[in-house]
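Okay, so here's just one chain, in structure tokens, the form predicted alone.
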């Protein structure tokens, strides 16, 4: 049994408006190959495979079974799946290694968001008895949260636009981003509302994509060319009902950060915030000060493939540590409506 686990490889596919694939296999194969190559690991050396995807996004039952074609099911492998962002598959693999059930693991997530009307499909994440039958779209649900935060003075439309300007500028250095460039703050604020107070720049684009992460236990990780040690990982959940919590706060993110022992001297945080106001709420919930660099990759606002964008945040944070640009970093993932579920993964150089 190992008490040490590290990220030793990461790869992702470009975030595209439509990847053209039907099963995700065509997208996953090159991503898995690049992640294993970075870890210098043969696929036959992977002890445990775990994925994150969604049947209701794919529109068919057991859709993840198709993706097994990308990893190869013969000779027999040890494989698992979570019906949510692959960041939670990463948590399962992390626990498997800590428990001594595996020495190495490959985690992957994929999503073809362009297959349907994503804003309507995500209504299936809501309370199935009283809210989902009304089919409120995901942007309108996020707008309710943003309106609550603006009216409470927690965020402002200008501060939200500043998040978009910074994210898109940083995304210029990320070849996998879907949206990037230099934008004028006042020009963005002059744009029309999609759902008051959210404008186009406040919302992540609809993206197809995939990501893969390789984990290894202590001694095996030390043999890899690069590594980022996981010093803590935890996830928590808030009530599903939108009226059962204060939407201007994210207590499950605070609790996850506390459980993961998020350090006070963090250098980088990759936050899974599909809407600009959600980054501001998360920064407050996690206690991130001005010294912490937020989303140097551009974040989900510049490319948000469903069910892999959260895993990509952990991979991007690990990349900052493995490259030496950061000593400590955190990857965050969210799932469900209005930041209902939150996961925090803390990564360190040593």
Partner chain sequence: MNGVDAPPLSAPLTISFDYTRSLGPVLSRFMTGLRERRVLGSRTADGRVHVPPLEYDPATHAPLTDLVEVAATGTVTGWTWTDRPLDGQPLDRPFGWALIRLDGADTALLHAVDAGRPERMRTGMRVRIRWAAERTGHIRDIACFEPGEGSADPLRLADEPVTVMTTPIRLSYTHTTSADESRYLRALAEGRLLGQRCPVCRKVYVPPRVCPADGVPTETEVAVRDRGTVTTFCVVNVPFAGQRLEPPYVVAQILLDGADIPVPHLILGLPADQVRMGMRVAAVWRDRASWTTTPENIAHFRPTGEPDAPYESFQDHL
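All figures in this text were calculated on a predicted structure; none of them were measured in a lab. Positions refer to the first chain, counted from 1.
The discussion below concerns the form predicted in complex with its partner chain, not included here.
A.B. asks: Within 4.5 Å, heavy atoms only, which of 116, 191, 264, 181 is in contact with its partner chain in the model of the complex?
C.D. replies: Checked against the cut-off, the match is 116.
A.B. asks: Could you spot which one of 151, 186, 101, 219 gets a heavy atom to within 4.5 Å of its partner chain in the model of the complex?
C.D. replies: Of the listed residues, the single hit is 151.
A.B. asks: Is it the case in the model of the complex that 4, 161 and 165 each bring at least one heavy atom within 4.5 Å of its partner chain?
C.D. replies: Negative, none of the three is within 4.5 Å.
A.B. asks: Counting only non-hydrogen atoms and a 4.5 angstroms cut-off, does residue 143 reach its partner chain in the model of the complex?
C.D. replies: Because a heavy atom of residue 143 falls inside 4.5 Å of its partner chain in the model of the complex, the answer is yes.
A.B. asks: Do residue 130 and its partner chain come within 4.5 Å of each other in the model of the complex, heavy atoms counted?
C.D. replies: Close contact exists here: in the model of the complex, residue 130 approaches its partner chain to within 4.5 Å, heavy atoms only.
A.B. asks: Using 4.5 Å between non-hydrogen atoms, is residue 291 touching its partner chain in the model of the complex?
C.D. replies: The answer is no: residue 291 has no heavy atom within 4.5 Å of its partner chain.
A.B. asks: Using a 4.5 Å heavy atom cut-off, state whether residue 48 contacts its partner chain in the model of the complex.
C.D. replies: Residue 48: no, not in contact with its partner chain in the model of the complex.
A.B. asks: Tell me which stretch of 80-88, 211-219, 251-259, 108-116 has a heavy atom within 4.5 angstroms of its partner chain in the model of the complex.
C.D. replies: In short, 108-116.
A.B. asks: For a quick check, can you give me the residues of 35-58 that have a heavy atom within 4.5 Å of its partner chain in the model of the complex?
C.D. replies: Stretch hits, in order: 43, 44, 56, 57, 58.
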